[in-house]
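A single chain, nothing else alongside it, follows as structure tokens in the form predicted on its own.
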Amino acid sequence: MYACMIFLLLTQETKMIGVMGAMEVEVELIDDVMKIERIDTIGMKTYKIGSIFDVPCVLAEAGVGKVASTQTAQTFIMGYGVELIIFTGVAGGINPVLEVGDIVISKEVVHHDFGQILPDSFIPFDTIGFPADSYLIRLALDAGEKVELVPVIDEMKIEGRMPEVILGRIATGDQFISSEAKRLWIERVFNADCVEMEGAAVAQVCSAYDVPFLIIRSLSDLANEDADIDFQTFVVHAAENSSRLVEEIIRQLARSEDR
């Protein structure tokens, strides 16, 4: 959708990009490679301004949930004039072929908890969602072929299976999903590959302001009854894989600017 606009931005003067995650563990590795020039506090949130691989950026730990991520995305756009937003973090797996540690690049993002509650059912108001930027998707898929990811679960390590990177559909709601029945419902109704708590809110803000976005999610659990335990066990390693991919995407952006 915004491919031509991004290409023009990246081939003219360097522009500011926004990178966010919901939790500290989701952004701390990005923080490690960032050259920080100053730190602002706005609305009780911390915004770090500097550069990553010479690409100017602002980095923020948004907080968990749709309201927190909406606030951060709005501040990115209105306060810092960012030209694109990348969200990095973890998610629960919905697609049954995916494993913990695999990564979903957003093709589109949809709210799964936005709708009407009836006495015996729930009717979603929107199952179409917000499409991510096509140029950023291409960069992410290219980055996925170059980045070195780490196996997360023991079975993956034993089998020698490296984490997969797929282009998929992400469902968002203000709920941590730890129910196989709910996982099956989200899979059936939204045809989603993973579920999380911020992406669609960021996407909705970006769409309102014509700002390109991309959501990157590495699976920390499979959104079933074991999700609580799996999340605690694997969140650090899953967040590392997401961060590694985002770092490679920013490298790709830096190369685009060099050209």
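Start at 1 with the first residue shown and count on from there. The shown structure was predicted, so the numbers you read here are calculated from the model rather than taken from an experiment.
There is another form of the same protein, the form predicted together with a small molecule; it is not shown, and what comes next is about it.
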I have 91, 176 and 220 flagged as a candidate spot, so tell me whether each of them has a non-hydrogen atom within 4.5 Å of the small molecule in the predicted bound form. yes
Counting any heavy atom within 4.5 Å as contact, can you tell me which stretch out of 207-215, 32-40, 189-197, 65-73 lines the small molecule in the predicted bound form? 189-197
If you check in the predicted bound form, is residue 47 within 4.5 Å of the small molecule, heavy atoms only? no
With the cut-off set at 4.5 Å between non-hydrogen atoms, does residue 231 touch the small molecule in the predicted bound form? yes
Could you confirm whether residue 227 comes within 4.5 Å of the small molecule in the predicted bound form, counting heavy atoms only? yes
